[in-house]
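A single chain, nothing else alongside it, follows as structure tokens in the form predicted on its own.
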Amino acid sequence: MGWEEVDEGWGRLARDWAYLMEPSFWPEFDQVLRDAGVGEGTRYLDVCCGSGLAAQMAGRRGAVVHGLDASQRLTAIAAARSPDGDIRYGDMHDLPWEDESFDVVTSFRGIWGANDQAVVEAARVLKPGGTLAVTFLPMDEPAPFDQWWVSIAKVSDHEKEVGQILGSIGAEGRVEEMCEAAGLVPGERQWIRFEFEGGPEVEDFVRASLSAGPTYTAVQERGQDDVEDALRRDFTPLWDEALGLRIGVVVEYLVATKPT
């Protein structure tokens, strides 16, 4: 799939993603923005910014906000959330900004194991001394949210192979290798553990899940009823009458620095 086709999977239910799914990841955004040093006057770029919640949070910290995503329907929401920001539709492998434009670049689960050129581009637009922060799903730290991927799993051997390649960014040494090849100095990997708030009812989580790109692909192969039933079956046991649906998540991240 080319980058121009991303909107088909991620943009078709852009509002559901923005208002039902994305907000539960705010602890991830908050920790990475703090650790990357985003603050007053920071020239900030979020690559694969989606509907722009992380960019909006950076703006509230005083940053000068920029964002890029391959879904026009998601970037429309991102631009509404950051009306003073520079939010663009485009390809993360060919960023439309000049060399050394930013103090901090982030990507929240947007750069994957096959996206070496995206890291090269992020390094290009960083100022000397600037930082790149990349988050991804760990390969060896199980969490209840991992069941989401099992529930929507695609049956195609080809898709499974593609998924393994994309997820390989979490393999030992892989993200470090990507950063070093781009001329960056990687720091130590770190972890974020938080509760994904799936909603007061399991049906809220099912609806939110349908807005994600991987779910779109699964629906094309298996049908929406099958995917919805799998999500209900697997996550109903986690539902609590008093608390609703809360799902443990583990995200891994790395902050790399561009030498001065």
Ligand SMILES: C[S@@+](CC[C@H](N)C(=O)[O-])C[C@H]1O[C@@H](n2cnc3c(N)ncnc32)[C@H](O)[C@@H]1O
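These numbers were taken from a predicted model, which means no experiment stands behind them. Numbers follow the displayed sequence, beginning with 1.
Separately, the form predicted in complex with the ligand exists; it is not shown, and the next lines address it.
Comment: 66-74 is the region of 66-74, 36-44, 195-203, 231-239 lying near the ligand in the predicted complex, near meaning a non-hydrogen atom within 4.5 Å. Among heavy atoms of Cys49, some come within 4.5 Å of the ligand in the predicted complex. Shown alone here, Asp91 lies within 4.5 Å of the ligand in the predicted complex, counting heavy atoms only. Contact between Arg174 and the ligand in the predicted complex is not found at the 4.5 Å heavy atom cutoff. The closest non-hydrogen atom of Lys127 lies beyond 4.5 Å of the ligand in the predicted complex.
For a residue to qualify, one of its non-hydrogen atoms must sit within 4.5 Å of the ligand in the predicted complex; all three of Val6, Trp10 and Glu22 qualify.
Looking at 15-31, the residues that come within 4.5 Å of the ligand in the predicted complex, counting any heavy atom, are Trp17, Glu22, Phe29.
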